[in-house]
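Just the one chain here, the form predicted alone, laid out as structure tokens.
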Amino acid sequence: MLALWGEAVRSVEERIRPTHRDQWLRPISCVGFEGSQIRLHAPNRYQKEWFEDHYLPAILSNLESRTQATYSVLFEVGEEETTKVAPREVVPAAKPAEISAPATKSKGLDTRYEFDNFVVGKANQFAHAAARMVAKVPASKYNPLFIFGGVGLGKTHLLHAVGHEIHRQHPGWTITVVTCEQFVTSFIGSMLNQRRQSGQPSSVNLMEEFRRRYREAPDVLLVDDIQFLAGKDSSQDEFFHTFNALHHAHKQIVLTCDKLPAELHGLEERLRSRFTWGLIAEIGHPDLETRVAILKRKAELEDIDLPDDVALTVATRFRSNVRELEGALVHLSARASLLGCSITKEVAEEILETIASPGPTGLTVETIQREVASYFEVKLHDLNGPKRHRAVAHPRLIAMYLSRQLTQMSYPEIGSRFGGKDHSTVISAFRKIERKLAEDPELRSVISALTTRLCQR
């Protein structure tokens, strides 16, 4: 039976990324079979939950098709032991004004950014799970944790959330959080001031202080926007030695970046290599359902009364990133407050017209029609023709809705591209899909998938 289990696992391995396979699939081992029960072992509950959600159903399906039997699964979860060196209290030497020491052991952590208020969706699920695992067992297996993704997608949120969680579990640890720009600026300032004071017998060695601050004091180093190092040779050399010192002392390092290490031009190969030593996790663009959830969560935190249909309207208009979404909500709330009115869908649409970003550059109705026809496996000429049966009519409504959402074309212009249909037909299609989106999760998933495909063209 163990051989059959191994074959079922290999059938899944072929379909997943090597990094996901090594981090989430292979650590799960089959302990044995007891009748129809399979006993599995996971190093910790995060790997167990990820395996259950993403791989176990496919593996069981393959196994059951081979044996014509049904199985249940019992998990044994053993927490990973860390090899972390016990943290020590560092008594800093007197520091000059240019290099001020942290006032607390978690100075710089933003109180807004915790795991509890991070909204998890398909695009950030892996990065969230990875950050949770690192926060639970720092400096064990995943060091460094390298989180990458576009602007405003939640990298900084996860970085600070890791710091908060580690600080809760280990209040005596020193957690240093810094942007890469701050690291570089501090390094250059220390180096220049050291040169100015050279030869003065009573002067403090500023470079020694800088290195003590980043190489010795931290138990955890969190660096935001590491791409800022690119092209800065002296700073790269300093960070290389800082990284080595912390890594060799079993100190956790978490980095965020807007690109993969291999895509960072102007960065030394030795640093790119070290950034891949641990775990690399990507944050993608949130889908429609996640954007709605983010808005509702933000509204709850800010005590804003945000109806569901308004949240859906805002989430449909703003697709790029979380920061843009939250900015739209703040703008909407402020304008409604100044106007002395409630935030209704009609008010939202009127206000959002002044701040909503245009659709993707170069996207046309014809492109949308081809994508929708391909998605639903219908003929393009049927989509633009008079046929009314559901297999064609439903995709046509969706294509009209997306044409209005993703292009700057008017209702009459869109109608003309659907076989010369009247503008009232397009308006009716748009409103029908918009109403259904509020109550039909399957339709929201379809719209989200199509929007993602079109925006990535």
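Each residue number is its position in the shown sequence, starting from 1. Keep in mind that what you see is a predicted model, and the values were worked out from it rather than measured.
Keep in mind that the form predicted in complex with a small molecule is not shown, yet the notes after this line are about it.
Taking Ile351, Val119, Leu109, Cys180 one by one, only a single residue has any non-hydrogen atom within 4.5 Å of the small molecule in the predicted complex, and it is Val119. The listed set Ala230, Ile343, Leu383, Ile294 contains one residue whose heavy atoms approach the small molecule in the predicted complex to within 4.5 Å, identified as Ile294.
With the small molecule omitted here, the record of contacts in the predicted complex names 119 to 127 of 246 to 254, 306 to 314, 214 to 222, 119 to 127, defined by a heavy atom within 4.5 Å. Looking at Arg323, you'd find a heavy atom of it within 4.5 angstroms of the small molecule in the predicted complex. The small molecule in the predicted complex is not approached by Pro138, whose heavy atoms all lie more than 4.5 angstroms from it. In the predicted complex, none of the heavy atoms of Phe376 sits within 4.5 Å of a heavy atom of the small molecule. Although the partner is absent here, Thr242 is not a contact residue: none of its heavy atoms lies within 4.5 angstroms of the small molecule in the predicted complex. Cα-Cα spacing of Asp287 to Arg435 is enlarged in the predicted complex versus the present form (difference of at least 3 Å). Compared with the form shown here, the C-alpha atoms of Arg431 and Thr290 sit at least 3 Å farther apart in the predicted complex.
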